[in-house]
Structures are given as structure tokens and as C-alpha cells.
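In the C-alpha cells that follow, a single protein chain appears in two forms: structure 1, then structure 2.
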Structure 1
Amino acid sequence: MSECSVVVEDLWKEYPGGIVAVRGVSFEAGRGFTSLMGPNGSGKTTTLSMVAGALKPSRGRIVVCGLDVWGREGVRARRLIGFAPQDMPFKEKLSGMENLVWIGMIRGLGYVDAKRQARRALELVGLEAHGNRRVVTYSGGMRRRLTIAACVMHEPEVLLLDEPGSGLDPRAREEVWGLIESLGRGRIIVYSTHISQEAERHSDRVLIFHSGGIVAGGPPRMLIERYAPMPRIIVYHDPGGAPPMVDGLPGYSRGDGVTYYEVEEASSALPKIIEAFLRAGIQVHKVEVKRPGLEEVYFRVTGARLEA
């Protein structure tokens, strides 16, 4: 295994009808976890589909381990890719095992290999006891685990996962991420998410998507350091009345009784803020101290909220 990476150069996608879903995206993803983080409609799925070889770019180049996905080596490049669309098209009435064999064969494995790899993949994702059950009886978490199994059947270098953690309850999400972390070791993982905590916890590198372009990128710690280093104090209070200034700092109000302040240091700022509210005669219900995260970075960079 020589050094391998996913290189995306000036990628554009204009859908028929004139919608430009991706506008000039470039990045390089090496081994480890790269997340595409952005709100719905920011172009993550479109980008991943193009990298996976399922959607033709209007312009730009995608090279996977030296092979051009949309060029002559396209077939070889696709052998290196394991792609999980947000909804894997399982055949509901077939068993998990049968679905894996089918997908394995689509990915180019012979029947015997597909069967062996399916058994192995089921074990890897902890579904060996449920392999003979129909997929329609699976829970959301089991389905997602089966999706991941389907992606690793042919032992690809690159895993492309579209929203692997969304739509799951917190426990199932934990489980799925545990799996992705362990299976992703040594591989190139590129995934999309609209959940900032997910990107923060599970990325070596985050690419922030906004309106079809990347507006910032880097390791999560670095992005936070650079764009939103200061902790926030969030005050939940009676609506009405302008939030007071504290030490010359304005509060950012959402207008519905929630105001937050960006401060240098939470412990010294907290009493001052409460005092200011009392003095202004606004009743405070609750105060939260929040360490800044990618959510704040997104807001700072784009001026928009990540999770609307």
C-alpha cells in the first residue's frame, strides 16, 4: 500500500435547470477522517457522489490513489472506493447476508468471495447473529451497521460515507461511530455531516461547506482556535428589554429570551453578566457556559446557523 489520497480539484456541479450545487471545491484527503460539515443543501451529498463516481462533475478532477475517477482509469479507481449513500438501497425482504452478497458481487467480488466477505463483514459490525433476518426487520442502527458492512466488503482504501450518524438515537450513533472509528483505521475516510459535534469528535480535518463551496478547513481544534476561541455564556431570560452590555461587550441576542456573550474567561465574566441583568431588571432563568465548537466557527465564518 503506497501512500494514497483523494485529491479533488476545482470541482463544479451544475444540475440541469441551472442550480449550481457545488462551486469550485478543492481539497485533499489523506489517511484518517475528513468531514464535510455544512447545513442541508450546502452541497455535501453532491460532492460525495461525484467523488464516489456516481455523479459526473460539470468541471474539475477527482483523483483517488493516483487514478482519475472520471477518466480512463475510472473502473480501477472505483475498485478502491466504498461508498455509502445516505440510504443504502437494500432489498427489504432479503436477509442482511443476502443483501451483502448481492452488493459484494456488484462491487466486483465473485459469488464465493462475496459470501465469505459478507460473513466476515457481518462479524465486523456485530450483526452475525442477525445475518439471516430480513432487512425490513432491522432497527435504524442495525441498518446503518449493515451499510458500513456493505462498504467494507471489498476492502476498499477509501470510505465515502454520506451522513453516517444522522437519523439515529444517541446510543445507536455512538455504536455506529465506534465501528467507523475502528474500521476506518489506516483508511481514508471522507464523510458528511450537518452535526457539528460529530465533525468535532470524529475528524482529523473538517471542511466547512456553505452554499456549495468550502469556506474554511483544517483540524477542528485549529478552526476553533482561529475563528471562535472564546467561551460563550448563554443567558436564558425573560423576553423583552434590551440585553445589557457587560464590560463593554455586547450580547448577541436571538430575540427570544436567549442572549450569549463571548468572553475571555468564563469564571470571571459570569458574575458580571448576572449582575448586569439584575441591574437592568431582567429576570434570569438559567445560565450556561459553553466551550466554543464548530457550530460557532460556522456561525463566525458564514454568519448563518448550522442547524436551523
Structure 2
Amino acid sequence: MSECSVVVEDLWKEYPGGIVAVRGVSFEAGRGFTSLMGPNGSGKTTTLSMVAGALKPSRGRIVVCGLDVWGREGVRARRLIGFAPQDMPFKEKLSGMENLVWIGMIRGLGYVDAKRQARRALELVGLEAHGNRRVVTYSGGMRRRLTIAACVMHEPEVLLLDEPGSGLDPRAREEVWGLIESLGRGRIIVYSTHISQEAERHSDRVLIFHSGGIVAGGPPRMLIERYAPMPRIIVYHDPGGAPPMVDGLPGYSRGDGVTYYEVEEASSALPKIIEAFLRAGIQVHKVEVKRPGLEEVYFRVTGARLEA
């Protein structure tokens, strides 16, 4: 595969009524894994759809391997992209193989070539034994595999994956990610996720989305060290009253019987915090020690919770 990158410059998407879904998004993604991390409604899916050539931007520029996706070279650029939306519109009464052949022919392949590529794609994603089953009988994990098969049929340089692990049980998510990592070698992978652990584990670079824009970006470990280097002790207790101060450390209360403390060393701070609550006469129900991660980074840079 030749050298390639995805370059997004000042991308906007505005809808009638003054609704702005994406505002001034710019980034560059090279080979490896780049995640767009944020809650639903933060602009991730809209951005991916515009990069894929499925949704026209209001303004901005998208260049894939030197070709403008929305310019005169758009057809050539789109051939370099495989796009896996969260809900692929498969024909439920057709088999997995028949769906892939249909998708291949829509993309301009003849029947013989479409069938050959479909068979190859089913083997790549481990569905060769299930290709003749109707899609309506597929599990969630199998449907996600079939979606990935559909987007790699034409051997693209770039894979765009919208929430690839969402809605799957832990085992199915592990299997799907094992597949994505094997298919992603040597390719550019840009995917969206609202799962912080997924972004932390499977990203070379994370772009944090909030309210339609990118508010921070970088390798996961660098983001954690910059924005959330210390562990937190979270105390669940009876509501009411100010949380006690411990060795000069103020407690940050959410106002619903949950208070957290940022500490340098959790093991030494934990007994002091419990003792302070007991002295204050506040009933403690549960205590958690939370190691720093991208969920905390998101809260630090946006002031909001990372939720589905």
C-alpha cells in the first residue's frame, strides 16, 4: 500500500434552523488507529459520514490519499474508503453472501467479481460457514462482522467505523476488535466510540469530541498524564451536608450523595477519608478507587460526563 493519510480541514455541518452538528473540525490521520471519542450527539458520526462521502459538508475540505472527497476526484477518493455505519441496511431475508454480492454490484462490480469478492470478505471476517444463512438469523456480533466484510470487499486503504463495539456483549466486542486489529494492519483506521476504555485500548491517537468540535487530542497516555494524572477516591454516602476535608484535600461533591477526592496515593489516603466521614457522622455506603483514564480526561476538558 502506498503512503496515504486522511486530512480534514475546517469541517462544518449546519442544518436548517441554525442547528450546527459539526463546527470547525480539523485533523490528520495516518496509518494506525485514530478514535473520535465523545457521547452521542457530539458530532462523531456526522464527521465520519462526511469523511466517507456519504454526507455533504456545509463547508470545509476532506482529502484522502491526496484526493478531494468532495471535489472533482471524489469518485476515486471514495474507492479508497470502506465505511461501516453502526446500522448497515442489510436485506434481512437475504443471506450474508447475497447481501455482499448485492452491495458489490451496487458499487459497480459484475456478478462474478462481486461473488468472488464476497466469498473472500466472508473468509476474512470468519463468516464463511454462515454465508448462506439469512441475515435475520445473525447475532449482533455476526452482523457487525458482516458490516466489516461489506466495507473491506474492495480492499480500501482507509476504514471508517462508526461505534464498532457498541451494543455488543463483552465477548462479541473482544472478537470484533480482534478482527478489526487484524484487518487494520497497514491501513488507516478512523473510528468513533463513546466507550472510554475502547478508545484507551485501541487507539494510537484520540480526538475528544464535544458539542460538535474537537477539544483535545493526542495519544491516550499523553492525554491522561496531562489532564488526569492522579487517581480518585469516590465515596457514596447519605446526601446532605458538606463533605469533610481530609489532610487539606477538599472533597468535590456532585450533590447527590457522591463525593470524590483526588489523591496522589490511594492506599494511604483511603483510611483517612473513611475516618473523616465517620467523625462527621456521615453514613458511607460504598467507596471506589478509580484509576485515571480517558473518561476522567473527558470530564476535565469538557466539564461533562462521557455517557452513551
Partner chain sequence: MPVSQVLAEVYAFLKSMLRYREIAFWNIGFPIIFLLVLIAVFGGEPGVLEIDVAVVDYDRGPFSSVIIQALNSTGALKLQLSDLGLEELRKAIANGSLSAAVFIGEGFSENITQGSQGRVLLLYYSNPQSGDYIASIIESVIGEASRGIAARIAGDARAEILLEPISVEGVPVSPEILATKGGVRTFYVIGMIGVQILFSGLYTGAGIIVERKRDGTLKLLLSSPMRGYTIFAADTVTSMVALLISATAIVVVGRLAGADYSLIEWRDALAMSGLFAVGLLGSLGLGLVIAPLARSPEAVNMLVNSIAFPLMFLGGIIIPAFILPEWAQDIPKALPLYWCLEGVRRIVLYNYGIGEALGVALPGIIASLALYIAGAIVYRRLLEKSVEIV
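All residue numbers here refer to structure 1's sequence, counted from 1. This one's a predicted model, so the numbers in the text were calculated from it and none came from an experiment. Here, rigid core means the biggest group of C-alpha atoms that superpose within 1.5 Å across both forms.
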Query raised in the report: Where's the form predicted on its own, in 1 or in 2?
Result: 2
**Report entry** Shift of residue 194 between structures 1 and 2 at or above 2 Å (CA, core fit)
**Finding:** no
Query raised in the report: Taking the rigid core as the reference frame, is the Cα of residue 32 displaced by 2 Å or more between structures 1 and 2?
Result: no
**Report entry** CA of residue 10, rigid core aligned, shift of 2 Å or more between structures 1 and 2
**Finding:** no
**Report entry** Core-fitted comparison between structures 1 and 2 - CA shift at residue 236, Å
**Finding:** 3.0
